[in-house]
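Included below are structure tokens for two forms of one protein chain, each presented in isolation as structure 1 and structure 2.
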Structure 1
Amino acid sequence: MAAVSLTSEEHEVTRIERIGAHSHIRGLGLTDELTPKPSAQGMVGQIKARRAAGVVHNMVKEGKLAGQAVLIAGQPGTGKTAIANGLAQSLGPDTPFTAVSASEIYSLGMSKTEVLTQAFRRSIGVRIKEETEIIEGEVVEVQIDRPATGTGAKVGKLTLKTTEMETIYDLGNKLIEALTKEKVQAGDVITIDKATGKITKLGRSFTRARDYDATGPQTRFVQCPEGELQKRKEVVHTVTLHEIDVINNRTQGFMALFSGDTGEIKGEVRQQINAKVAEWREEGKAELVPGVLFIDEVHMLDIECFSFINRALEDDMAPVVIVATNRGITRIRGTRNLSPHGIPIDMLDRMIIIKTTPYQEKEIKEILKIRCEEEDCEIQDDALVVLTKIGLETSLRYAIQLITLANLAAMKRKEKQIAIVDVKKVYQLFIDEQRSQKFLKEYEDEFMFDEGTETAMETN
């Protein structure tokens, strides 16, 4: 006599998760002593950079790196964004991690400093704790008596039990109403908040699962609670400073929709919030959780932004700023000076620099294998070797992109595995950067509006 759950209009909606370029990364892949394993959690090779990232990870966890800047620099396709992603995953959901691309700063809606300040404040969390006394137990019996005369208050008794004890509660009017509203029956496991009188149903007890032949689709079965009836519940929340800013800044209620919020948050609001958080920190009611702000393509920031970041890093509430770039000696945006990575030297001086190096053949093979698994494609060994050679000669990204294309070619042949012929075919169809340049040089006269030979844009 199994409990049959009736099908209803409710159906499961599968969440379609987009497979992105870095979705196979689950962490940094380090052992406890911070040595990188050759291939773990989606990360392959790049031993030195991963080790450095591991050190950064530990310092962030201990809160020691707040206000420091880290630079990850290397040629294109050497895993800079991947390391940042791995670091984000390994820090866990508790640490605020904000990833922005430097070009996002140039929005017409908000000034550059505002965007940067928001990004900074989104990376700092405040941890606060909420403590409530609750009564949690399984309902044995609910007895509500209505007076026969029709007037007068209802009286009721509620018998609650846990695995260790059982007791009877006399109910007041408010609680009786709450119980009838929630339709609490014998066998339900409920929680009563002592301070607010709110009743939450956690589910039905397992021991009562066989009471009925059919249950609704929403029924959850939970275990009978253990221990004492009146428990103290502590919940720790982590909120970012930006969330507090936004809601404090919004004018009351509906007017916010009509007041044409520019999105800029007033300085006084921020100061008030800083003061309140500082006060709570003094009283021991809150802790600051400095998180990580990751700015990709940092060479796109201009000199004003760099000065702003310099100042912001010295604030006592500052996150760890990790930046990444693949430029070499370039012009700093907003000036005519050349500088390494397009970052002013005084800022470079404040940074800890992690270098990434191009991958070796074995590592490229490993990465391609991981990507094949991630994109759900099966590839034959010799095809993988050919793809690795292609990756070595052209670039890693090109080889990764060929995977899905080759898979489609294989499906067209009604085969499940990618073979060498598929790889060859897509190699002919889709050209990489170097062949594209060669082709362009040969036929430049035949393209529209071509202005003759110009030096190609430096990307390394």
Structure 2
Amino acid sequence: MAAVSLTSEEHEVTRIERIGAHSHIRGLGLTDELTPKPSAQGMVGQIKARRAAGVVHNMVKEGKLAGQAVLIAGQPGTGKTAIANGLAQSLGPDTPFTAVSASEIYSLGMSKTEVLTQAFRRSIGVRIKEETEIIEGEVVEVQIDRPATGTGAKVGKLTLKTTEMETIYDLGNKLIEALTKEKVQAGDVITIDKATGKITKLGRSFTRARDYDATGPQTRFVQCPEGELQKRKEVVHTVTLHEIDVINNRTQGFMALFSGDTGEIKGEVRQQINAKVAEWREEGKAELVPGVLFIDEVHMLDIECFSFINRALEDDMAPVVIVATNRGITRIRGTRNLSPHGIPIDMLDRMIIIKTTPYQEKEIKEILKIRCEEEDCEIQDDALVVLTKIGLETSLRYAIQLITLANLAAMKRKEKQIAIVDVKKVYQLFIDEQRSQKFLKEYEDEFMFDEGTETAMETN
């Protein structure tokens, strides 16, 4: 019988991080005095727009701008979405920030007003305060007795101490499992939530710092707690109004938040929740956190949506609405009327407008350099100059898209850096919008269903 040879393959597991169009944005790049830095936190140029966004950021943080609308207007590729993302990063995780595209409003599953209502309520946070009883102390001894037969309930004792007292607690099955899961041992400082039985390990006590010759970098040493073992602690939870709506509307409760199938939520449910939140606010148990709703490509909304937003902004529980568009004077969807940016005049009156301007050559070069670092690509200085020129003559977006393609061309040549030859190669392989138009005009007769000169080609 022939011998069968077995070969084993080993694959290195690496973490893959997706790189988005604005994944390099870390904030607005402002000083404490709201002075924009030329290049900081991934933001380059747009000095006036960033300063204005900084003022909006401060007013949102102080809760003074709730129910207001901000319009970011400018040509395509001037960083409108980047400014909105920078604002979201600056506000931090405690302030709700919801980003939607105007085309998402037209859903077959829900009405336009329901989609907008959910987006509004997703942008309003409720900071709920509650007091809970906890046991906090240093573990002196953990004693767990298992039955000799191997079956039956485990019993145990836990000795905890503070600087002033020491107590022994009898343990049930639930706490024994929690202690085993957290790998609690003598010398650990822990907290036990009396209501839920949740155990949190705070760290090792300083008195046990010399127990081992070496400790890992993740080991944290803390002081032995003072005072009594049982304490009352204030816990703060931040949830959005939409999350409360879903939990109270669906039969499966909070599981609907994970499935995403929230469906239409009844108005009566929302009214009851609003009344309850207002009651909590009066009692001091909760406070509202007005967040930000960002609607991109706002010109895609129709007159009904604008009317709804107009009314929603007057509500006392309204977020800051930031919208962005690259349109000039255009028709309002659903009407025959022309208006600046495709937005009704009465809606424009409510807005403060931030304008963005085209990037200069120096700024384009800096943005391309940041994108090369983000995409982990090394580029030669002369190749960067050529890529900057391409971005200036065509568009910044086209130049950014060429970075990864040029890097792949360089890798094929077994080079670590992108050279001019790589940029030229991908520039010839992938045409931009201007060369595409020129090609269509040359060969328009050979394309199917071409209307030729009868209808003017729509361009930016």
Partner chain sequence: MAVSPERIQQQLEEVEAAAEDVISDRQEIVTLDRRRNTNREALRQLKTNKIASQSTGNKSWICVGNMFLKLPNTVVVDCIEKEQKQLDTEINNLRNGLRSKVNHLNDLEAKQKTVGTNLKPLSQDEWKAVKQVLGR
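Residue positions are counted from 1 along structure 1's sequence. By rigid core we mean the largest C-alpha set that fits within 1.5 Å across both forms. On a predicted model such as this, the values are computed, not experimentally measured, just so you know.
Structure 1 derives from the form predicted together with the partner chain, whereas structure 2 comes from the other one. When the chain is split into two rigid parts to describe its motion between structure 1 and structure 2, residue 208 and residue 323 fall into separate parts. Hinge motion between structure 1 and structure 2 is captured by two rigid parts, the smaller swinging by 33° against the larger on C-alpha superposition. Superposing the rigid core and comparing between structure 1 and structure 2 gives a CA shift of 9.2 Å at residue 180. On core superposition, residue 230 has its C-alpha offset by 3.0 angstrom between structure 1 and structure 2.
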